[in-house]
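Take a look at this single chain, the form predicted alone, given in structure tokens.
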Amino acid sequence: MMTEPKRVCVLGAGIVGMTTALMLKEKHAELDVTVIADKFEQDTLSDVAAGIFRPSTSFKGPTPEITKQWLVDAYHHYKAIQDSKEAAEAGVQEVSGYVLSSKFPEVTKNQFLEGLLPVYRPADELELKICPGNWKYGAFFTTLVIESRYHLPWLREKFEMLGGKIVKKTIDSFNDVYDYDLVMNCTGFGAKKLCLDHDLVPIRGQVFKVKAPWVKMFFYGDYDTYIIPGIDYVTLGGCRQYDSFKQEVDKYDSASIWERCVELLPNLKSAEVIKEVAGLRPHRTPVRVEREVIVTSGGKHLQVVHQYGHGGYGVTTAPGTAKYAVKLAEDVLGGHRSKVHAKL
């Protein structure tokens, strides 16, 4: 007699949720996997991101070893796509550029990227004069850009081709998904309400998307200034406003971003502005990737694997945390025990 396949739902269809869903379905074709979300593709925060593989030096998982492994796994995952025939369709490309500072030598160093990327070295005297300004410190490196406006549809298509399901629905409580064998919680900032997580805080960001096809390299300057070329647009940023819930574009931030980016790269003056967008990065220290058993209002013990709180590094780290979360899911589906938490 055949047994029914285990039913798994992934909450959230940003890059963390879709990467996790596809990875789970690729490894375990027998699972019945459904992605449930109220926003998809261009409506997600992932679509706002420039998508450059450059984690902050303060990015933190549960331990230094796990944090490093997440980033190593994520980079090699994306690099394999970039080396494949699907690179263009998946929106993954290699790009080089500079991080420059007039005051802070530490911002040109990154313990995660040095040794992982094919090139990461100090900028020489001539390179410090590439951009206008009194740049005293700099680094040159080659990394990847993962553009979500291509990558998310690519993930979704591959997921659906394997038999994965997509449901557009708002989930207000874990009681809404009580009938699944496992829930993968990839709700990003939505987890603040869903999990009543006071450690999850918004870090507001705002960017321009401009047409500037002559910009082929990325540039970082002081005060969160960055210019990152993508496939169709160049992303100009930015700001990091801790604990700000404002989702509308702010005219003062717009003026500051534009001025700083044009000072860094004057030929941007003639760039055509396509749009301005703002969003709330879901920041948590450490990023939460762990198991929990939640007792629903109906008394069911619901198995949950949380995976949220990536801040501004969801695109960067998604494959690494997804691989880790899938292992936790395999433990759950294999029958290993986890502690039970309070009733909703």
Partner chain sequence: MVVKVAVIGAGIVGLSVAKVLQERFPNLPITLLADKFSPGTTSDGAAGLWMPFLLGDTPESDVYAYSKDTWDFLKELWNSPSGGKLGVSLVPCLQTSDTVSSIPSYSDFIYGFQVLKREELALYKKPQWKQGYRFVTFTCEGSRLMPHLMEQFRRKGGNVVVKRLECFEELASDFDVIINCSGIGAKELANDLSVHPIRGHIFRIKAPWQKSILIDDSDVGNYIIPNQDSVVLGGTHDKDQWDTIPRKEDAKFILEGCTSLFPSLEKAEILYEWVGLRPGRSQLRVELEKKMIDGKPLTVIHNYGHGGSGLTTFYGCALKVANLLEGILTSENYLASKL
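Note that this is a predicted model, so its numbers are computed, not measured. Residue numbers count along the first chain shown, from 1.
Another form exists, predicted together with its partner chain; not displayed. Remarks below refer to it.
Participant: Based on heavy atom distances of at most 4.5 Å to its partner chain in the predicted bound form, which listed stretch, 245 to 253, 197 to 205, 158 to 166, 228 to 236, is the contact stretch?
Facilitator: Contact criterion met by 228 to 236 only.
Participant: Taking its partner chain as it sits in the predicted bound form, is F174 near enough to touch it, meaning that at least one heavy atom pair lies within 4.5 angstroms?
Facilitator: F174: no contact with its partner chain in the predicted bound form.
Participant: In the predicted bound form, is there a heavy atom of its partner chain that lies within 4.5 Å of any heavy atom of Y178, even though the partner is absent here?
Facilitator: Heavy-atom contact with its partner chain at 4.5 Å: absent for Y178.
Participant: Please determine whether P132 contacts its partner chain in the predicted bound form, using a 4.5 Å cut-off between heavy atoms.
Facilitator: Within the cut-off, so yes.
Participant: Look up in the predicted bound form whether V99 has a non-hydrogen atom within 4.5 angstroms of its partner chain, and give yes or no.
Facilitator: Because no heavy atom of V99 falls inside 4.5 Å of its partner chain in the predicted bound form, the answer is no.
Participant: Three residues, V95, L126 and W214; all within 4.5 Å of its partner chain in the predicted bound form via heavy atoms?
Facilitator: Verified in the predicted bound form; spot residues all in contact, yes.
Participant: Tell me, out of A87, V107, V210, L113, which residue has a non-hydrogen atom within 4.5 angstroms of its partner chain in the predicted bound form.
Facilitator: Among A87, V107, V210, L113, a heavy atom within 4.5 Å of its partner chain in the predicted bound form occurs only for A87.
Participant: Can you name the residues of 261 to 291 that have a heavy atom within 4.5 Å of its partner chain in the predicted bound form?
Facilitator: Going through 261 to 291 in order - heavy atoms within 4.5 Å of its partner chain in the predicted bound form - the hits are L265, P266, N267, K269, S270.
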